[in-house]
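Okay, here we've got a single chain as structure tokens, the form predicted alone, with questions on binding and movement later.
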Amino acid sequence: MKFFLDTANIEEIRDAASTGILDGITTNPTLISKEGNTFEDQLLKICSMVNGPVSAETVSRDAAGMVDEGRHLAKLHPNIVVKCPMTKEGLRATKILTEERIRVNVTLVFSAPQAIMAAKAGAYFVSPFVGRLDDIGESGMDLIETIVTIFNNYEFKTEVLVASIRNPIHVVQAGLMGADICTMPAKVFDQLLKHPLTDKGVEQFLKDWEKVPVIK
């Protein structure tokens, strides 16, 4: 499983990248808007820090606009993956961009039929939002299991990128289901590292080490 960070914050990215296990980044207009930098400059900063895919979202409503934006974004840096929404116009843009060998992440996916259509359009990634489904009383992880099964049945090359992750349990469940990628906030990335028994064990070992005689 690959770990992506869902952020545009340079400090969060630098901290996670320092572990050596960060595989990529996903951004969106909301995340970019918080950083007080131009869209292109922020993306280039992120790409310089991460040796992996960096998803950058289009904001046009029509396919022609998305295609123009996608071409522009793809030229900025080899790491950039263009994000298009799961709409009819988004699918049209995905098909065109994919045929031009530009990688596309189809975002805002909330159902299995949407995921199938995105895969058929040639999406490089498909991003189901599990947390937002949980918020309205549906099981986001059930959707992941269904999508993974369908993609395996038909050997789609599209990777399942689990988005809107809220906690480490989502990550574990995604791994059990065979999802390709989890993208998460920095808070969840840090939570994956922690366990109270680990902290307790480290503390005890250090206390015991202080008792070991030192040769002078």
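Numbers for residues come from their place in the sequence shown, where the first is 1. Model, not experiment: these values are computed from the prediction.
The following text describes the form predicted together with ligand E4P, which does not appear among the structures shown.
Residue contact with ligand E4P in the predicted bound form: residue 28 places a heavy atom within 4.5 Å of it. In the predicted bound form, at least one heavy atom of residue 132 sits within 4.5 Å of ligand E4P. Using a 4.5 angstroms threshold between heavy atoms, residue 166 counts as touching ligand E4P in the predicted bound form.
Contact check for residue 183: a heavy atom falls within 4.5 Å of ligand E4P in the predicted bound form.
Contact annotation: ligand E4P lies within 4.5 Å of heavy atoms from the stretch 28-36 in the predicted bound form, the single such stretch among 144-152, 64-72, 28-36, 43-51. Shown without its partner, the chain has 83 as the single residue in segment 74-105 with a non-hydrogen atom within 4.5 angstroms of ligand E4P in the predicted bound form.
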